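Given next, in structure tokens, is a single chain: the form predicted alone.
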């Protein structure tokens, strides 16, 4: 009989779900009665590195959340693979309901109000979900139990670094539910979650998604200027007050949506209190001419006016240290640690971003696994964590980034520019004819960096 597989004292059981980015397994632990689930990212050949970065975000965010609307976290770890253990929510998600659409207005309003309660609990803790959809909304216990939000890999937390924004330029989310400002790369506004909930309500009432299922960026951007078919045109039994609420949630400008998730929940439970406007009686989309006018009018860019996200940001400088994990001596490793410690003594509120560049090929496809079958991205993250451990910084002040790029110098410079790094630290390379002729990465970075740069050299005796 095979011995049970343990990770950090948790005994692994069968796989219960395989998602697009992660796997869920039953686990048990003598100190926790359960039922428990362990979540692990998918690390097979060819997996998107965003899956690993989003998993790191969830590892930071979930342990900080409390209350009945989120699963309780029992621990996180990085070896032998990244993992999170959380309580297993037994009520099931809203996903099976999609097989029996449309639903009645009263049922949709009740489901949406309970979901708005969950979003209110999340927003009050400084977190925006940014991936609200039926599969990420679970019922705790009975039909009358509170809604539980899961999967925080794409979320934005006010008091934590945003790894997804720092490492990727394209927006991530579920296309039918993404708010206009989210598509434009603006993260952190609670109104984005209300837009997604508006999409869900529209879908459940009519059986159709308001903006379809776009696959290209140009199609995604259409929701900025093109209004959906009013719900009552597709489902005449939808009451005017509910159409008013749904279309208010789907406004392209965040400031025109409900003021908060709590206000939305109140409106859904108190139809008589909903102020009815032109939206309530609308039975057709806006005329083609009006949509075209919005499409090309320079002032109709409401999402850009919300560039300053509603969530507060930490006022702290960023010190980035770039490490060559393939060719770094013990002496250089110690010297870089010492330099970071010196800068932290001068700038005690600074965040340290540890960078490594995983070189990719320009023409031929890249292998994401090494010869032992381990994910290269994850292994480098582990090496960065081991290197930075002596700094003993809290998680919100220490992040680790594996940048996949053809050019190491270009990747470091782009990270520094996009994230407004205040100080870059790199290790000097040993001299040689190749470097004298072609130059070096530290020299390239020092020449073109938008910030202060320190080149650390190991003294030779």
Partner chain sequence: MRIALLADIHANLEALDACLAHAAAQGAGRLVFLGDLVGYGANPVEVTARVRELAAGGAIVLRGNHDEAALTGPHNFSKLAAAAIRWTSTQLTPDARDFLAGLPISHEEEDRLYVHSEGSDPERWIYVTDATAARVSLEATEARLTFCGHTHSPALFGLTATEKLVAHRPAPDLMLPLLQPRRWLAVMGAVGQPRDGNPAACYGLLDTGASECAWMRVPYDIATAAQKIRAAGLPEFLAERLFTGT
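Residue numbers count along the first chain shown, from 1. Computed from a predicted structure; not experimentally measured.
Unshown form predicted in complex with its partner chain; subsequent notes refer to it.
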{"property": "Single option in 166, 222, 120, 324 placed near its partner chain in the predicted complex, where near means a heavy atom within 4.5 Å", "result": "166"}
{"property": "Heavy atom within 4.5 Å of its partner chain in the predicted complex - residue from 291, 78, 359, 279", "result": "78"}
{"property": "Its partner chain contact in the predicted complex: residue 158, any heavy atom under 4.5 Å", "result": "yes"}
{"property": "Contact flag, residue 399 vs its partner chain in the predicted complex, heavy atom cut 4.5 Å", "result": "no"}
{"property": "Non-hydrogen atom contact residue 410 with its partner chain in the predicted complex at 4.5 angstroms", "result": "no"}
{"property": "Touches its partner chain in the predicted complex: residue 53 (any heavy atom, 4.5 Å)", "result": "yes"}
{"property": "Candidate stretches 87-95, 261-269, 158-166, 187-195, one within 4.5 Å of its partner chain in the predicted complex by heavy atom", "result": "158-166"}
